[in-house]
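Below, in structure tokens: the form predicted alone, a single chain.
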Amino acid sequence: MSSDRYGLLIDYEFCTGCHACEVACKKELNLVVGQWGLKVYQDGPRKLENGKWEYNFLPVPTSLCNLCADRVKEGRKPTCVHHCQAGVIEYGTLQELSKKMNEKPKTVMYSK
């Protein structure tokens, strides 16, 4: 894996589903109604066999996500990372993100 490729690491264990990342991305990319650079999906609520409930929110980058190339060129974080209220989206090299992903369950990685 090349260390100069970048991506997002999303920890959906603590995503609250506030949609701040989704709104910030939409504004950053100036997308029209119905288009999303990043979309938050809801999974659940679902009752598990052990009686507990599972309820997840997962921000998913779409094909329109460019990892905020213009912002990153200016030395800033992608807007979804900057606006994430729960701090569950990280930006970095795929190598860095892979190490973090290896240490933390309920994470997904996105690369471009």
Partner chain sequence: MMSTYDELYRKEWQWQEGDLTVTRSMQWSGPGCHNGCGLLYYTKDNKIVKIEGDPNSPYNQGRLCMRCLNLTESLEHKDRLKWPLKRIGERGENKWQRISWNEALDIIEANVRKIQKEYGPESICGMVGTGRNICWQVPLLTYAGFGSPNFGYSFLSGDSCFSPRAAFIAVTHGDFSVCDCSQFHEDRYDNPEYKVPEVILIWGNNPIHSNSDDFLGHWIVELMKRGTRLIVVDPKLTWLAGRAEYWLQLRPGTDAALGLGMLNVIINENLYDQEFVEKWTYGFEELAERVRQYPVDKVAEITWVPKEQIEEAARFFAQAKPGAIQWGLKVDQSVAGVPAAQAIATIGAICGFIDIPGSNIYIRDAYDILSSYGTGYEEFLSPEMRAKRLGDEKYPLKRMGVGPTAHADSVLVALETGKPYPVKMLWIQTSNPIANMGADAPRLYKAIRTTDFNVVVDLYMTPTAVACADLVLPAGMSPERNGYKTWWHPLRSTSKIVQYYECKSDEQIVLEVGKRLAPQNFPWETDIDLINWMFSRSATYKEDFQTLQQKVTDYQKYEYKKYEKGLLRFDGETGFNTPTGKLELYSTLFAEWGLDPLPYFEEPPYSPVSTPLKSKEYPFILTTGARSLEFFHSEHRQLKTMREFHPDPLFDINSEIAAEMGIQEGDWCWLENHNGRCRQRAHLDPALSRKVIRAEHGWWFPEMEGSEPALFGVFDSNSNNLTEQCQNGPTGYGAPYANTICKVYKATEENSLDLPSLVVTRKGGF
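Residue numbers count along the first chain shown, from 1. It should be emphasised that the depicted structure is a prediction, and the values quoted were computed from it without experimental measurement.
Separately, the form predicted in complex with the partner chain exists; it is not shown, and the next lines address it.
query = Just to confirm, Glu90 within 4.5 Å of the partner chain in the predicted bound form by heavy atoms?
reply = Although the partner chain is absent here, Glu90 would stay clear of it in the predicted bound form, with no heavy atoms inside 4.5 Å.
query = in the predicted bound form, does Glu49 have a heavy atom within 4.5 Å of the partner chain?
reply = Contact with the partner chain, no.
ask   = Wondering, does Leu97 line up within 4.5 Å of the partner chain in the predicted bound form on heavy atoms?
value = So Leu97 does not count as contacting the partner chain.
ask   = Is Ala20 a contact residue for the partner chain in the predicted bound form, using a 4.5 Å heavy atom cut-off?
value = Looking in the predicted bound form, residue contacts with the partner chain include Ala20, since a heavy atom lies within 4.5 Å.
Within 4.5 Å of the partner chain in the predicted bound form: residues from 45 to 70 (heavy atom criterion) = Counting only heavy atoms within 4.5 Å of the partner chain in the predicted bound form, the contacting residues of 45 to 70 are Pro45, Lys52, Trp53, Tyr55, Asn56, Phe57.
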